[in-house]
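Form predicted on its own, single chain, as structure tokens, below.
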């Protein structure tokens, strides 16, 4: 039952994670958000959100956050648009996810672990090489993270997203596929559409142990999420 499910959103204080947090509340979930600065986070979140102190790079701080949690949605990562050293990328985009996975396993997470990744983690492209230069090997570490999630023993969903735009949801058709798109500016999608993808995938049985990609298609949306996600196949 949704009313009894508590979802921990890691990365829920900004960007796509913040939109996911708001949408979960609208759908009737109980929502908890991890924040390094709880007071600052609470000022931008609905009062119904349970804000808890924690840092993905400090494993001990994650224990209280995952206790009593039904599901975890992970969208955190090194900020885009700036150069980052590989040490920061590794401890955030890789080790931070592993720390959260370990805490979830130790807590006996019975629900699903949903992870937001980028398209292009398995397909080389000029844009991917540029991103790996600016955020040192972020796509390399994120590819390793996917392997760790699949091997964790937890139920999971991995959603790879295209270039993110700050646009309303529902303006364009959304393509859901299980290929290996390259990272390229032509593959775009609104953050709000990605937020919908996560909230819809959370309870969907066909999203269990599945990896898929979401980008904008052509034209206006004409299919609902149940149809789009109903075509998914579990990872081999």
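Positions refer to the first chain, counted from 1. Please read these numbers as outputs of a predicted model, since none were measured by experiment.
Absent from the display: the form predicted together with a small molecule. The rest refers to it.
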query	finding
Interface residue in the predicted complex among 167, 209, 27, 40, criterion: non-hydrogen atom within 4.5 angstroms of the small molecule	40
Partner contact for residue 191 in the predicted complex: the small molecule, 4.5 angstroms, heavy atom	yes
Partner contact for residue 142 in the predicted complex: the small molecule, 4.5 angstroms, heavy atom	yes
Close approach of residue 92 to the small molecule in the predicted complex, 4.5 Å, heavy atom	yes
The small molecule contact at residue 21 in the predicted complex, heavy atom, 4.5 Å	no
Which of 145-153, 76-84, 102-110, 120-128 lines the interface with the small molecule in the predicted complex (heavy atom within 4.5 Å)	76-84
